[in-house]
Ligand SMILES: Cc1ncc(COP(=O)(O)O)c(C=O)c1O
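Just the one chain here, the form predicted alone, laid out as structure tokens.
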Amino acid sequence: MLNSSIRYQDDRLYCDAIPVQTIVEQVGTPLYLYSLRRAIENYHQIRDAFAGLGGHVHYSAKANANLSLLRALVSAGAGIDCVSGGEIYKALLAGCAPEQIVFAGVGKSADDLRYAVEHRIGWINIENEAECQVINRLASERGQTARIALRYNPDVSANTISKIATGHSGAKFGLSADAIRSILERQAEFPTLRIQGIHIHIGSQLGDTLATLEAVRSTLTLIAPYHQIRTIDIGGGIPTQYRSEQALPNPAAFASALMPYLGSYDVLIEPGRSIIADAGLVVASVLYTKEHGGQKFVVLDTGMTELMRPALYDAHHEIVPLTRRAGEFETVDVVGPVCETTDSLAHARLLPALSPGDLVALLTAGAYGFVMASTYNARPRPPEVVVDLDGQTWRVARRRETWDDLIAHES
């Protein structure tokens, strides 16, 4: 969606003060483009909304782990939420203090846990009873302790896409109430673990605050007997608007709803999408158009290898031309070049008439773009370009891959 950073000016699409076409002329397509200014504005909005709860914001690196973005967020005061050893490595490289890093994930390897313990990561969120034993052993070997939060699965169905809901009983995430009670009642078996928090992320792109409140109430009942738990990590889930007609709760709505319940706890929040999604674009060129079977297809040089979300769960992204001009609109399917039927970016979309060589942008594409990209069909991954915080300068933050990169690790 268009906003203060991604907007039209004199019928040309801009990213802050830079015409997007200026970048394309020097870098080519496809490309990822991010406004650091917009990302920091979004971070500030969430931080300020939760200030009354003393909320500590940990940006979820899985949404977009570009180092330039991580550095900007860390400099602005954010911590980082990580789900792998690789993300911890990048967070540290970006300058994040170890105590400001949260390590979550349903299947942490022993090597990743060792790396987290060695670097004294601030929180490790446990999702399996066996993790307690592994972390206890690793910390004991180093004469350390580890601060732990237990991820609770409250069996709550969130108002979101089924494939990104994580808090219901059929999901792989979290621990049951009985499992959490068992761990807390056997704390003496894990002398190096300081179990001080509870984690209740129930899904992404939440359509209302109701499921979050239900999960929080269930959590408070569960932890009431265990007074050592003074931190509640509510995860992410703050939604981003992908369609103009969507009516979604903003960060202030979530903070206001939670205030009566969490005022006496330390609160952690882990937004990712809501910080970077609408600060990013995928820019593409039209390769061809064609008609058959009563449909018109617009074929781009960008597809599921660059933006997996539409193929993965029918996600919607607005598509706009880089140069806005008068003319007729037509209903088209926008597809990519990958040899898969699911390589479709938009179905039956009303767009201005497009021709080969035209440039378009897929909006709200800053989250789950490059991090989900692949080299399927031996397609090198595009560059990541950032417009800096001044809004006036831009740079290639990660270069375009080459065919040589494709075989760099082969023999």
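In case it trips you up, residue 1 is the first one in the sequence shown, and so on. Keep in mind that what you see is a predicted model, and the values were worked out from it rather than measured.
FYI, the form predicted together with the ligand isn't displayed, but the following is about it.
- Judged against the ligand in the predicted complex with a 4.5 angstroms heavy atom cut-off, the residues 38, 45 and 241 are out of contact without exception.
- Proximity to the ligand in the predicted complex, taken as heavy atoms within 4.5 Å, picks out 60-68 from the listed stretches 381-389, 348-356, 47-55, 60-68.
- Although the partner is absent here, residue 136 is not a contact residue: none of its heavy atoms lies within 4.5 angstroms of the ligand in the predicted complex.
- The closest non-hydrogen atom of residue 270 lies within 4.5 Å of the ligand in the predicted complex.
- Contact check for residue 368: a heavy atom falls within 4.5 Å of the ligand in the predicted complex.
- Within 4.5 Å of any heavy atom of the ligand in the predicted complex lies no heavy atom of residue 317.
- Checked against the ligand in the predicted complex, the residues 197, 79, 236, 336 give one hit for a heavy atom within 4.5 Å, which is 236.
- Scanning 205, 192, 84, 209 against the ligand in the predicted complex with a 4.5 Å heavy atom cut-off leaves one residue, 205.
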